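Next comes just one chain, in structure tokens: the form predicted on its own.
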């Protein structure tokens, strides 16, 4: 029997990276109802980062989730659990209520390999408050092996529930994913694993299935693939493909039809050539995103020359 996964839908959290979380309350409510009817286990409803730590002036409810606001818009929890993501150094511990007072069930911590110790401090705090937890280590495709080994010694001892293989740049293929999963299983046999893919090379779905077949439990996806740049594995593909009687495709199609066709006219995401190029060279999509926002957006040859020229590789690395 094939390993059965659990889906975490990241439409609001990851999709928000392309529209600055400009989602209506009605859309988020319809998405929650649709995912619940579809049997999707979790919905990541945004970031639990703290506005004061990011000098945020305008209200952005999905980027700075507030428990009271969540209770107001989702007065009745249904089948789908709620999760939120936090970034190292961007969350104030005083903003986190104990789980029994919050609509959130899971808090996930995103960090780079060099901050794993800080990430695990947050995990410990959320765990002690009663939440399910995950550690999502970003930009894995460029991490040296010895750094990974050191970090995983700490991870193994921590109370974190799930550890994520994150293909931040959409540069992994199924063989790479299989290799990563085997490595993670060897280093942290006591932890459940998760996978978060990006669709730069049209491999997000294939990579997610490969991870699942190799024993990964938590599968990140988004409806209509909506996520930063090339987007994520599609929720509608997972619910129709994974053989689980509780999954239902129709409610997800309903959300796409009612809301997302219009969104796709307004905001761009998905398999697009500059994102494909950044995936093939294992680079962060920020350069490609800036290019798509410029007047040269469709000059693919020019973009390719720009990012593959020897000077491009000397650019300073930044997050």
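In this text the structure is predicted, and so the values were computed from the model without any measurement. Numbering follows the first chain given and starts at 1.
One more form of this protein, predicted in complex with a further copy of the same chain, exists but is not displayed; see below.
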Complete contact of 236, 273 and 276 with a further copy of the same chain in the model of the complex (any heavy atom, 4.5 Å): yes
Candidate stretches 122 to 130, 74 to 82, 194 to 202, 148 to 156, one within 4.5 Å of a further copy of the same chain in the model of the complex by heavy atom: 194 to 202
Sole residue of 169, 224, 164, 184 within 4.5 Å of a further copy of the same chain in the model of the complex, by heavy atom: 224
The unique member of 246, 142, 240, 101 whose heavy atoms fall within 4.5 Å of a further copy of the same chain in the model of the complex: 240
Exercise: residue 50 in contact with a further copy of the same chain in the model of the complex, heavy atom 4.5 Å: no
Residue 257 within 4.5 Å of a further copy of the same chain in the model of the complex, heavy atoms: yes
Contact of residue 213 with a further copy of the same chain in the model of the complex (heavy atom, 4.5 Å): yes
4.5 Å heavy atom contact, residue 22 to a further copy of the same chain in the model of the complex: no
